[in-house]
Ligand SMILES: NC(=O)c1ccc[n+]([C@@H]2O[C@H](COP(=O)([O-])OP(=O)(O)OC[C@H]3O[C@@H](n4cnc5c(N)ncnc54)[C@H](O)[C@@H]3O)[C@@H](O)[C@H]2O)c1
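Take a look at this single chain in structure tokens; it is the form predicted on its own.
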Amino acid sequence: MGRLDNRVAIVTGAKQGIGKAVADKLEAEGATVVGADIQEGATLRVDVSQEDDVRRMVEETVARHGRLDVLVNVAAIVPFTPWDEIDFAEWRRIMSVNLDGTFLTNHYAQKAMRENGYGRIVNVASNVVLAGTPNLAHYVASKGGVFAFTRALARELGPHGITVNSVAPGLTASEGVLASKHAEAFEFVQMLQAIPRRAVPADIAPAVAFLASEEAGWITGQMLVADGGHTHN
């Protein structure tokens, strides 16, 4: 018996990295998982910054599976942009996916969840909220917004049987990170961690799976930091 037997879950950003690891973990725990991603090959092709895409994602999931119990919002852009190179267009590019996307997915998912009086929403934030990592000012701002919005939404949805939490990974060896300049930071970050090795996406998925389960029913509005002891909140 899995912790998520008979549950229906949407995972955004599910094609690779942390999103794929989360989708695989929830499936292993018994959930029916709808993987959404802007890339080809996902269960549903979705741009989380587009309201029509997000509405369709939730409607099609409920039409096909009869309900929606879990939303894990992983989809995000992780840039590497020095502060002096961030203009308003670049700021909006990050916010449209990372913060607008969080609003849209949470907004439509909670509507479906309220019909059954049950739901688990997990938004992926980042430990950069605590570390103030350089070359990421707009990303740090967006993920700070994800955490603050999560805390506020938990207050709004608690009476409806829905918990809203966030997981904050540290630097993780996902495909996106390894293909970026952030890959050069692993050696430095490992020195700051209590556990001195590279994180991989599978390290993050269990924290998400716990918050997505019935067991976490008395936990809401929280940010669970999964970064090997790099930061302290």
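Residue numbers here begin at 1 and follow the sequence given. No experiment lies behind these values; they were computed from the predicted model shown.
Quick note: we don't show the form predicted together with the named molecule, though the next part is all about it.
When the named molecule is considered in the predicted complex, K143 lines it closely, a heavy atom lying within 4.5 Å. V97 belongs to the set of residues with a heavy atom inside 4.5 Å of the named molecule in the predicted complex. Interface membership of A75, defined by any non-hydrogen atom within 4.5 Å of the named molecule in the predicted complex, is confirmed.
Put simply, K15 is close to the named molecule in the predicted complex: some heavy atom of it is within 4.5 Å. Across the proposed site, I38, V48 and S126 without exception bring a heavy atom within 4.5 Å of the named molecule in the predicted complex. The candidate stretches are 61-69, 25-33, 38-46, 188-196, and the one lying within 4.5 Å of the named molecule in the predicted complex by heavy atoms is 38-46.
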